[in-house]
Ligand SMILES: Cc1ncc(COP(=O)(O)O)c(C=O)c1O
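In structure tokens, one chain follows: the form predicted on its own.
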């Protein structure tokens, strides 16, 4: 089946007399009448559920669906995207090592590396992943590579395929945050990556009404991630898993519209007053245009960023003039929203660090929704009008 059909049908086999929509199973514990039966289920020898921290039917359906969409052997869910990232890193690099990461990293990921992993002995090294020579040099002695399919917030696209090739020559595993692209637009495991993670809060859920994360990869690595998640208690609740699976069913339709709208808005923004620069991987002139065309032939998702010449004051003025677009410190919903990295995703960086990345006081991140593109463009035009 094509990805659009897999998004609708994966993770669940529908039989006669079963509900077309899956039931929500919030039970924390299941009852058993036979010790041998319980032992077989608890040890994994027999399918079934026994305690909510270890297993749940709604989580199982979501995990199976994402594994199928990503082309992975298995997947495990978690209570948030950050929890998923943490358990993925520790599954691939259980002991302190050097982690080579994109310097244009999501602020939450950067904080995890610096504030939690670095004090434990891990050594994060941040490089320009568009520079393959720099990546190659940084991989000497490394134990893990951490990439984003599309970087946050400036929407650059590293050559995941080439970086994986370099890493494989050194025996270094590669972890890819595929949140922005989703498995509809890019499947990094097919490009050779070892493990993929998502903040399912974003496009997979798609309606800004859940918190969830998921990790997909080979069965051995996912088993290690699952065991750690069970021990640490970072498991996903049944209702959020149910919501994420419901969102997944329309992912292909939504991400196609997100992609079309974001590129159209990016092109329109270039001609709007006060806009100094527009960041979208499929805009001609983007530093990763050719790579994005190759790795993201069906679109680059709903994210873009732009810089306003007037800095924070200009951003504030624009926000007050919006009629439809909202400010929200997240992304991936059906509504068009903006975020201000200086005080949201990248607030943990110093002004100098943000400036080095190209994130300034006028940088605005846009999560383009699925409204009529004419209405989206018109709202930005009137908000930015002189």
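Residue numbers count along the first chain shown, from 1. Model, not experiment: these values are computed from the prediction.
Separately, the form predicted together with the named molecule exists; it is not shown, and the next lines address it.
- Contact with the named molecule in the predicted complex holds for none of 203, 262 and 368, as no heavy atom of theirs lies within 4.5 Å.
- With the named molecule left out of view, the stretch that reaches within 4.5 Å of it through heavy atoms in the predicted complex is, among 252-260, 74-82, 121-129, 236-244, 74-82.
- Of the candidates 222, 160, 87, 212, 212 is the one whose heavy atoms come within 4.5 Å of the named molecule in the predicted complex; the others do not.
- Taking 325, 359, 69, 331 one by one, only a single residue has any non-hydrogen atom within 4.5 Å of the named molecule in the predicted complex, and it is 331.
- The named molecule is not shown here, and in the predicted complex it never comes within 4.5 Å of any heavy atom of residue 306.
- In the predicted complex, the named molecule lies farther than 4.5 Å from every heavy atom of residue 102.
- Shown alone here, residue 194 lies farther than 4.5 Å from the named molecule in the predicted complex, counting heavy atoms only.
- Contact annotation: residue 229 falls outside 4.5 Å of the named molecule in the predicted complex, judged by heavy atom distances.
- Residues of 355-384 are not found to place any heavy atom within 4.5 Å of the named molecule in the predicted complex.
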